[in-house]
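Two forms, one protein chain; structure tokens for each follow separately as structure 1 and structure 2.
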Structure 1
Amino acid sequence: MDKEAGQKEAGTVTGIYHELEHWNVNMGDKTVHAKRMPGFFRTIKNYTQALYLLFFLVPYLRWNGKQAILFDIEHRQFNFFSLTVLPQDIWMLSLLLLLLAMALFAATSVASRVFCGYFCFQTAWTDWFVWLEDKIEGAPHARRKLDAAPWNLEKIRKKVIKHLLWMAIALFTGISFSIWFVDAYWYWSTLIRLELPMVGWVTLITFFFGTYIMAGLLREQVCMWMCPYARIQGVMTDSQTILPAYDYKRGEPRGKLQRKTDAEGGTAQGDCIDCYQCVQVCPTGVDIRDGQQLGCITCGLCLDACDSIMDKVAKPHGLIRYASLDELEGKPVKKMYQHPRTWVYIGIILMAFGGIVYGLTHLGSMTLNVISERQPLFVRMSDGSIQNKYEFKVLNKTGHDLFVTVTAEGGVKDQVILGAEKPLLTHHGRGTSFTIFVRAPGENIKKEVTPIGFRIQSVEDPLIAAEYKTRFNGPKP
């Protein structure tokens, strides 16, 4: 038994090493010139990547004379049309990050690296750069021929045009990123006059070179060796996860179109005609027929390529298809709703989304926080009245300064508010502090602690108001 187990283990290890040796991993010593082929998944990829037009265009939207969406770091606030989110509401950002992370994990557990294939900015920018390269230098075979050719005027012309266009996109990317954090029109006028502050130049230059190098020069090497998501995705997938997969049983043994049957002394050929179209369209240069690999970004372009060939040879689609490993091996396949982890992800996503919605709908235009004096709790005046001191902290979330009035509900009979006889000024976009005193006749104080509620209300707009409940301290009766 031990001998059989040892032989089995040795065979398994040998199989693993053989599989690793068979993989065609691009270590960066050559450029992957992927072929562009129309198809269903290419169309989806084009549409999802078109969403990045919002990245370039949204900062130019205006709302009430200001930029509609602005992450205003200088003034420590986030403007979203008429909504202003200040640092005190930063907990909603934590919920948003949690929601996005759980959505990514859920998508990965169900469909592997579908985010990489259709939504990742590295994938999108690289695809645009390669599209330009294809238009300027020609199809993949022409590009490889041009790379191998000696330098001449024609090669220099094409290379210069290509790299200048890449640089233009990289520059515009840096500008577009920057104007999410400062006013777009101010940024352009300052940039044209070459008067950007130091942080502006550093950001622009960093994004310029980062985009140019990663999307134009490194390309798939970023996905394979630099992206941490490619490394951790393995712990979020299992044999039930659907991903681009080659149907080995149907496709092997592969070979050209000429068929041989067992009766003719040969072996029946599988459906794979070994055309290498699936490899030629892969943006990372992997051969999906060798099994799941680190370079596969789940873009589905190999499915389009294979289906087009199956049409030509009059065979059904699906030789390469989105499928789980269990499905390919003929094992029972669970529905998505049968996975416990899917419900865990959905539950966390719904809770985070509910918290964000609650926070946004309960922001208010003004918040009030009242801190009562602790040392001493109260002061007895010369006329026998009792006075409490309160520190008011008002956060004005509107876009302009407001005058507010202060009133009190509850408390002690015949109490008087001191320090707010006239409307008080609150500054927009930040907190304003002022001191308020409440004085009440000593004979009217019946309890050591009496509940009291303060209300501030805008003079300009009575709908803008805030309340806070605290207590009035007095001596023991």
Structure 2
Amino acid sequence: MDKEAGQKEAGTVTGIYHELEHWNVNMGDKTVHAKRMPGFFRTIKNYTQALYLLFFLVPYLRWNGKQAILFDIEHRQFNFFSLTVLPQDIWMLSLLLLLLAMALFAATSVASRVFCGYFCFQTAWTDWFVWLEDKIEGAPHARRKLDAAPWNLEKIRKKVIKHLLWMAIALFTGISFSIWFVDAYWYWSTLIRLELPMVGWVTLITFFFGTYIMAGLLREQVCMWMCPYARIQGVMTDSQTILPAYDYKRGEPRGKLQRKTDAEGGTAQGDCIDCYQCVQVCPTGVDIRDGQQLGCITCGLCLDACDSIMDKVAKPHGLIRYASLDELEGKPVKKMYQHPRTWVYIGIILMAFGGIVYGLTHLGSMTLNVISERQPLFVRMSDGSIQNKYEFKVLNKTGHDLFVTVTAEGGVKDQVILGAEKPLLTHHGRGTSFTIFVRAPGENIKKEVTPIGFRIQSVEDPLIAAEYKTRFNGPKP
């Protein structure tokens, strides 16, 4: 592409016609067979993708005889080592999601689609699938040849092995996902006996096909046409964001490597020798030299490829490098701390993090909710006293059943609490509800609504307690 012309016409009306001529969309009609080569970013990518080992292995971790990390949907609780989070504390999940979203945004505003390139499961699984393909079918040119070749035993053998291995990974992915939600060892034994419940089969089959189709067959098409985050992240970069970029000022005009130097009468040309290595290694099949584009997941593999060529032609590294658009255009480059958007993201991250820390340290071991009866608000008894009815809902988050006493603070003078003469049993891990009446002499009631606070307290351990403020309703005095 004529970069100079592109630059001149960018932003003008005639520019759109220029763009049209170069409009080239990867519609998936041709399989991208990317070349794999070692390099700095390849190594980083291997490490970051290896984090997914946690996804496969962590569920087998045990803690006090139970699964260490278990999102126990069936029993509506989340076990994290010795910590148990019940649905009532699930507001922290929203903060966690906020934190993760902001971390994504912050990373994107600083260094573009870091998540896409290094951490995304689509990228990682595709990478592993292609690695297998590379091992079985050979390098890209061999794979292209094999695809075009007529079916014979050799081709069938290779293809069958490849697809079977892919399916094995897909199956294992489904299993590994499932065991975050049910006990891992129970799951395996149930799976082997083919006795999974319906929801278990549906999850497994969904993940099996999801993985096999997306990582094996669709690959970069998912990033191009299915993934919303790919597009969201794309629009969160600005001219200060560093991203894999082709230094067009240095590289253009590109041309095949010449024997003669400029001084010896060769044509003047930039450092790009138009070797297409950057295109050949690209897992999404884009040409980075066309500038920042939708298809680029910023995986950095083209940097490795270009640097290896620069070594061969004895030119400095970095013709394709992590650089901001400002830097490429020769504008003054701002420091990282002059990027206000990143600070806003970091501020939100800290707030969310603080909220989670507060939540986890203030989980409490018991919660109390009191619902005062609305129909009737109060009842006049035969001796003229006024009775209110309260539904107590106690959540005992400890590991065992507890007996609690009920006391009240505030309310009406000489009131009596009925229904809690003896300590009441609360079951652990689920809600317990009981009915409590409060009866007060009619002449002592001074207002229609009197604030009253209830306190429940464990008989065994006074530190396990919970309070709730509500109201005592009476007639107009």
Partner chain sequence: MSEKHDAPGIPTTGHVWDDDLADLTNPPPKWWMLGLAASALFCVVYFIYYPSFPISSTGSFTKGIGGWTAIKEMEADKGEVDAVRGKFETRLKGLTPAAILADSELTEYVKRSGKVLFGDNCAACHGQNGIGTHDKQGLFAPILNDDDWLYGGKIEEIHASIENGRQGMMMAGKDMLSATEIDTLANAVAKGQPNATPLFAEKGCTGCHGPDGKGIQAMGSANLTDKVWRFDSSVEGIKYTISYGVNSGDPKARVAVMPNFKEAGKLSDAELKKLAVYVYKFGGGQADAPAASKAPEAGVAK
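All figures in this text were calculated on a predicted structure; none of them were measured in a lab. What we label the rigid core is the largest C-alpha set whose atoms superpose within 1.5 Å from one form to the other. Please note that residue numbering is based on structure 1, beginning with 1 at the start of its sequence.
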Quiz item: Between the first and the second structure, which is the form predicted alone?
Solution: 1
Practice problem: Given that two rigid parts of the chain turn against each other between structure 1 and structure 2, choose the hinge position from K249, I356, K66, P376. | Solution: I356
Exercise. Name the rotation angle of the smaller rigid part against the larger part between structure 1 and structure 2, given in degrees.
Key: 20
Quiz item: Cα of M366: shift between structure 1 and structure 2 in Å, core-fitted?
Solution: 3.2
Exercise. Would you look up how far the C-alpha of K469 moves between structure 1 and structure 2 when the rigid core is overlaid, in angstrom?
Key: 7.3
